[in-house]
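The chain below stands alone, shown as structure tokens; this is the form predicted alone.
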């Protein structure tokens, strides 16, 4: 019986959602293949992470040291390489995040394990993993196989899996000491600055009225703000709106913006690129309005309206006035 590693990601003392998504998928793979699910935690001294994940994994390998309280790719890479070489897990799951994109390629080079990045699914066939990736801007899903290897590395896109607890686990905690010969890091953590912080917090809204490139021009944004106000919601947007300086960064939903969990998410003129869809995976109900009936947003929407967004917006205003 082999192991599946999940590298735990945390920031400012909190475990990030991508970790729970990885643990959910790892549980599924472990049950089907009779593998052991091992969570790997690199954190500062006495950070309270174990209680949050030990019921989601069979084993928790813990490194505690103030040098790794905050992310440092140099140190994380060295510790993970040594751990993988020692345990030889068949699979190591890493978030496709700035963390994962920093150290996953280095781990692949040092261990010789093949790496697949930005995956939206992982499956086993005949004892070997295959991954599903999106290509051509998300229009096609491709299934990718690996060359034969002792182990495999996979970075997983945020929002690809559920964050729910899965399976019955009683994680045995194994504490490991930092090796005395660990190289000195070439970089140093200074501070974390939330570039998305601003006058409003879209992550706390129950109703989001979100706009995309389909609004056309900056002078159309106030009309959508009016609708959000009438509905008692908050105005949010996709990345193109921020790139065009129509709204500040703190309104942005997506992998480079904020992940949101509103009860209702109204998407007006948003095509539904995977970066945006990843940010709304926690939404209760998604309602999409777009003139293009083939827009990817309709794949994830609970309800869809194929029509001019301003026609729909004005109809809603008339009902609410």
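We call the rigid core whatever largest set of C-alpha positions still superposes within 1.5 Å between the two forms. Numbering follows the first chain given and starts at 1. What you see is a predicted model; the values in this text were computed from it and never measured.
Omitted here: the form predicted in complex with a small molecule. The next part is about that form.
**Q** Only one of 130, 169, 82, 239 comes within 4.5 Å of the small molecule in the model of the complex by heavy atoms, so just point that one out.
**A** Among 130, 169, 82, 239, a heavy atom within 4.5 Å of the small molecule in the model of the complex occurs only for 239.
**Q** Sort through 159, 212, 95, 151 and report the residue having a heavy atom within 4.5 Å of the small molecule in the model of the complex.
**A** Selected option: 212.
**Q** Please determine whether residue 302 contacts the small molecule in the model of the complex, using a 4.5 Å cut-off between heavy atoms.
**A** Residue 302: no contact with the small molecule in the model of the complex.
**Q** Within a 4.5 Å heavy atom cut-off, is residue 38 in contact with the small molecule in the model of the complex?
**A** Residue-level check for residue 38: no, no contact with the small molecule.
**Q** Looking in the model of the complex, any heavy atom of residue 313 within 4.5 Å of the small molecule?
**A** So residue 313 does not count as contacting the small molecule.
**Q** Does the small molecule come within 4.5 Å of any heavy atom of residue 31 in the model of the complex?
**A** Taking the distances in the model of the complex, the answer for residue 31 is no, it never comes within 4.5 Å of the small molecule.
**Q** Quick one: find which of 65-73, 255-263, 40-48, 22-30 has residues within 4.5 Å of the small molecule in the model of the complex by heavy atom distance.
**A** It is 255-263 that comes within 4.5 Å of the partner.
**Q** Is the small molecule in the model of the complex close enough to 270, 273 and 295 that every residue in that trio has a heavy atom within 4.5 angstroms of it?
**A** All of them do, each having a heavy atom within 4.5 Å of the partner.
**Q** Core aligned, does the CA of residue 55 move at least 2 Å between this form and the one not shown?
**A** Moves: no, less than 2 Å.
**Q** Cα of residue 224 displaced 2 Å or more between this form and the one not shown, core superposed?
**A** Shift of 2 Å or more: yes.
**Q** Establish whether a shift of 2 Å or more occurs at the C-alpha of residue 38 between this form and the one not shown, with the two forms superposed on the rigid core.
**A** Shift of 2 Å or more: no.
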